[in-house]
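Okay, so here's just one chain, in structure tokens, the form predicted alone.
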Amino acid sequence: MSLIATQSLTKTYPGGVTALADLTLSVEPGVIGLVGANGAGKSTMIKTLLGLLTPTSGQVRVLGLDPVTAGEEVRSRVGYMPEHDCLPPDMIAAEFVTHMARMSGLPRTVARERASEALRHVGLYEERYRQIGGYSTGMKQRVKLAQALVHDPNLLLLDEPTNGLDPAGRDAMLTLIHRIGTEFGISVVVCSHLLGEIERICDSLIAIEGGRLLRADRIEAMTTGTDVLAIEVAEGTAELLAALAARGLAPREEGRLLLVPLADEDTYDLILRTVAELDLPLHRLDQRRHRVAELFATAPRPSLEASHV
């Protein structure tokens, strides 16, 4: 059974604005990135998956269920982290997450235990009795993640989970999401307009533009190897650059890396011999891969055929 499946899914708002158009895809369990520019239809899709919006036409299934007719059951098995700040500032985090667990149907004692556990998982256990209004933006994002986790869902829908965070906060949130998806056995859909974040933590990617499917595939299939080798040494980069150039390999610098065209299989051996002769500490030697962001400049136009990821 697919995690999510849609068939010609269309959502048109009053006034004629079409947020989703003939969207057909099948999503397998894992950590999935849902990407697109602001206004591409990402939030509309998430709300449709939750049964909060009714499609204008087409079909949608989440965990085999129809959110239109079984929205309550879908929401009992899905955790949702909204994009915008929606937390009550005068409640303490433990009370709020417990309340959300009770809303999911858990008994009072179980809800309290689950709330403490969820807050521990997101790194707020020591701060759980503080009022949410006194939390930083990063802590508030973690509270939203905790309430999405508290009822032990099969699927998490995270809408722009790194919104408003500084670089350190973004890294921490992405690490946490990846851990949930890999260690907890919970499938995660991460909605983001930042391709770099998606590439870092996701197994597969769905890209939409103007409500239509632009591309859907496994990340590994999208980031195929290039004909360039990337080399990194702890010291002696300039020395290595000169030595490789003297051997006709045409290296060039990019930050801390040296990039060398991969002419044939002998290129690896020649680089390794050069590094060994110079007695340099080699940190990295591998085939450079495309970055996801590089692929969308020449991405094919949306297809109406089903895509499987």
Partner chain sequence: MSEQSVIHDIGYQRYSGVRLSRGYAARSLFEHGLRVAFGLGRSAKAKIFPWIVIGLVTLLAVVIVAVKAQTGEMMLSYQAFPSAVSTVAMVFLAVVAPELVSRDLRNQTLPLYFSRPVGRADYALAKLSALAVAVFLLLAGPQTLVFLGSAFTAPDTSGVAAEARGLLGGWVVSAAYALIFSSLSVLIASVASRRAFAAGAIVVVFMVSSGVAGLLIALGGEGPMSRIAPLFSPFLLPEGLRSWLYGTSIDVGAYGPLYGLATLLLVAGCTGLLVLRYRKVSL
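Given the structure is predicted, the values throughout are model-derived calculations rather than measurements. Positions refer to the first chain, counted from 1.
One more form of this protein should be noted, the form predicted in complex with its partner chain, which is absent from this view; the next part is about it.
- Proximity to its partner chain in the predicted bound form holds for none of 31, 165 and 208, with the criterion being a heavy atom within 4.5 Å.
- Just one of 217, 171, 232, 152 comes within 4.5 Å of its partner chain in the predicted bound form, counting any heavy atom, and that one is 152.
- When its partner chain is considered in the predicted bound form, only one residue from 262, 50, 282, 270 comes within 4.5 Å through any heavy atom, namely 50.
- In summary, the region of this chain contacting its partner chain in the predicted bound form, judged by heavy atoms within 4.5 Å and restricted to 92 to 100, 134 to 142, 208 to 216, 194 to 202, corresponds to 92 to 100.
- Although the partner is absent here, residue 227 lies well away from its partner chain in the predicted bound form, with no heavy atom inside 4.5 Å.
- When its partner chain is considered in the predicted bound form, residue 238 lies well away from it, no heavy atom lying within 4.5 Å.
- Proximity of residue 86 to its partner chain in the predicted bound form: non-hydrogen atoms within 4.5 Å are present.
- Contact between residue 130 and its partner chain in the predicted bound form is not found at the 4.5 Å heavy atom cutoff.
- In the predicted bound form, its partner chain lies within 4.5 angstroms of at least one heavy atom of each of the following residues of 165 to 199: 184, 185, 186, in sequence order.
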